[in-house]
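Just the one chain here, laid out as structure tokens, in the form predicted on its own.
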């Protein structure tokens, strides 16, 4: 199926943080500890993209932007890619894929265990985002993808503990997540703008084309 214009724009925007990281890595301007900077920023990007994907449905209901639903898939896949990269940087650059170093680190640090569980749970969601698998799974696909909510909770828990006292951003993301969940409960889930302005309708058509 041909991607929508909204999906192409979303994919481009999702690649920007990675491009910036690569440029800063090449220029040696990341920080005094570049591996730590890479780990933190890929993880933070994954959190933001996951939240953005969860925001698509409430915003679609509120503003009538049906173009957000295909964009949600792109955001979810990008979030998984950044989460996987986040782990690979930890395992590869930090511990050189040496299991005798990695496994004790995972056993000793609870926040790494939580993050790893979240990543493992994200994998089937990413794999089953393919249209063919959606059709084969039917309603089971929707049931599986409801895992996105507990996964988001695990991700935020991981991020909160890993922040080591610098909790302002994690708290902001947690509050935003709570608001998104509230908008999935009636009557908030049914709130919609009655008369959509023309520019909003045109934007929706532009993103869908």
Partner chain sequence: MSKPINSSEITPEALYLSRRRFIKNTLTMAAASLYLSACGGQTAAGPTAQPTSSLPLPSAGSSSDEMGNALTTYDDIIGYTNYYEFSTDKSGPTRLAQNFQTSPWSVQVGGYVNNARTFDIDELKSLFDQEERIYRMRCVEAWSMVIPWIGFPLHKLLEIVEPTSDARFVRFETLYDPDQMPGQRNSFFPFPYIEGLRLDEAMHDLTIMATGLYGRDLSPQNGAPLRLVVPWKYGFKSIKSIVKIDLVGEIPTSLWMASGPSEYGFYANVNPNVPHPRWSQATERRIGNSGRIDTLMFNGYEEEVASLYDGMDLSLNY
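Residue numbers count along the first chain shown, from 1. Please read these numbers as outputs of a predicted model, since none were measured by experiment.
Keep in mind the form predicted together with the partner chain is missing from the figure; the text below concerns it.
The partner chain is not shown here, and in the model of the complex it never comes within 4.5 Å of any heavy atom of residue 66. The partner chain is not drawn, but in the model of the complex it has a heavy atom within 4.5 Å of residue 164. In the model of the complex, residue 97 stays away from the partner chain, with no heavy atom inside 4.5 Å. For residue 142, no non-hydrogen atom is located within 4.5 Å of the partner chain in the model of the complex, even though that partner is not displayed. Contact with the partner chain in the model of the complex holds for all three of 93, 101 and 171, each having a heavy atom within 4.5 Å. Residues placing heavy atoms within 4.5 Å of the partner chain in the model of the complex fall in a single listed stretch, namely 25 to 33, out of 147 to 155, 179 to 187, 53 to 61, 25 to 33. Annotation for 107 to 128: interface residues with the partner chain in the model of the complex are 108, 109, 111 [heavy atom within 4.5 Å].
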